[in-house]
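Next up: just one chain, as C-alpha cells, the form predicted alone.
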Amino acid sequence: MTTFGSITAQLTEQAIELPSWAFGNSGTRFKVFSTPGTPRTIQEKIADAAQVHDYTGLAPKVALHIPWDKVDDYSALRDFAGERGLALGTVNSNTFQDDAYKFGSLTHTDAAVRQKAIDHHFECIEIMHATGSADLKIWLADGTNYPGQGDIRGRQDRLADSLGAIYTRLGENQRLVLEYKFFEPAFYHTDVPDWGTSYAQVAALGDRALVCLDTGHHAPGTNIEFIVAQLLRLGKLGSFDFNSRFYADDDLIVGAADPFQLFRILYEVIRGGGFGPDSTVAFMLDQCHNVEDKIPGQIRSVLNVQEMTARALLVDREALTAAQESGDVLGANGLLMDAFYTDVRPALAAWRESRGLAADPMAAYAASGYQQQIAADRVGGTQAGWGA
C-alpha cells in the first residue's frame, strides 16, 4: 500500500505556472467586473503572483500574454520577477483581438494578414529570448460560422504553412505548443477544434512542437483522461491549461466542477510519465476570476492540483495492475476509489509546515492584510482585464 510519506519527494517537484491574466478583471460575455486592488501593470500582476508562490511553494513561474503584457524592456521584467522569486514562463500569442483577424489569422486567405500573424509570433519568440521562456503557446480563434464560408481543407493547408514558418524561427531550446478548442468564437467549424487536429499539425512540424490540453476545451462527456493517455503515449503532450467547466469554456477554478475528473486526469499523467523530474509536460492554469478575489482564487487552484496529485500518487499501481490483469473489475475500480477518497489535506498541511510554509495557505494569505493593502494602494490608472 502506498503511503503519504512515500510520495513527499515527488510532491516537492511539483510546479504550476500561473497566467498573468488571471490577476486582471474578467466577467461574462456581457460585463467585465472591476474589483479593488486589481493590477494595472504586468509588474503588479507579477507581485500578486509572488503571493501565491510565497504561501504555497507551488507556483514559481508566470506566463505572459502578448500584447496584454507588453513592455519596453523584457530583460528588466525578467529581473523584476526574479527579485520576487519567480521566473517568466510561457509566452502566449494573441491573434484574436485585431480587426484584421476577423476572418482568420494564420489561416486567412490574404497572405498579408497571414504574414501579420506570423510576424506577431516572431515578436513573441524574441520576447522569449529576452525572458528565458521555453514555450510559445498558440491558441487560434480561426474558423467559420456558416457552411461554405471558407474552404476547410485550404485553411488547414494555410495553417500548416504558417505554423511551419513560426516553428523554424524557434531557438533550439524552445517549443511550440498548439492549443485546441472545439468551438467559440467560430460556431460552424473551428480550425483547431480537437486534439487530433492539433496533433496532426504539430507532428508535421517536428519534435519541439507539441499539443496543449486545456481541460475546459472539450464537448460534454469527453473522456479527457483518455486524450491525456494517448498524447503521452505519442510523446506529444506539451502542457496543460487547468480549469473547470460546467457548460463550456467556463475557466473556473480547477477541480471546482468535477474533482474526480481532475484526479483521473492526474492519475493518467503520472501513469504515463508526465509528472516528475524526467517529464517535460508543463502544468499551467488558465482561469478567470470574476466573482472571487484573484489571488485567493489562484491559491485555491494550485492547492486543488496538489491535492489531487497527492491522491493520484497514492494509487497502488502494482495492486491495480494485478487486478486489471486478473479481470477483477470491482477490485481495480476500488483501488482507484480508495485513493480518490483519501483525505490528504491534514498530511499536506503538516508537510507544508515542515517546509516552512503555512499549513493553511488560504487562511495565512487572508490574515496577511495584502488584499486590503493593494486595494488601498492601487488607486487610479487603468485596471488590467481582457485586452489589457
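Note that the coordinates shown come from a computational prediction; the quantities given were computed from them, not determined experimentally. Counting begins at 1, following the sequence as shown.
As for the form predicted together with a further copy of the same chain, it is not shown, yet the points below apply to it.
Between a further copy of the same chain and the residues Tyr74, Tyr199, Tyr167, Phe275, the one pair within 4.5 Å by heavy atoms in the model of the complex involves Tyr199. For the candidate set Glu126, Asp194, Asp119, Asp316, a heavy atom within 4.5 Å of a further copy of the same chain in the model of the complex is found for exactly one residue, namely Asp194. Taking the partner from the other structure, a further copy of the same chain in the model of the complex has no heavy atom within 4.5 Å of any heavy atom of Glu179. Remark: Ala87 does not count among the residues lining a further copy of the same chain in the model of the complex, judged by a heavy atom distance of 4.5 Å or less. The closest non-hydrogen atom of Gln230 lies within 4.5 Å of a further copy of the same chain in the model of the complex. Looking at Phe80, you'd find every heavy atom of it more than 4.5 angstroms from a further copy of the same chain in the model of the complex. Proximity of Ala22, Lys70 and Trp351 to a further copy of the same chain in the model of the complex is absent: no residue of the three has a non-hydrogen atom within 4.5 angstroms. Shown alone, this chain has one stretch from 277-285, 169-177, 130-138, 254-262 that lies within 4.5 Å of a further copy of the same chain in the model of the complex by heavy atoms: 254-262.
Contact residues in stretch 319-350 (any heavy atom within 4.5 Å of a further copy of the same chain, taken in the model of the complex) are Leu320, Gln324, Glu325, Gly327, Val329, Leu330, Ala332, Asn333, Leu336, Met337, Asp338, Phe340, Tyr341, Thr342, Asp343, Arg345.
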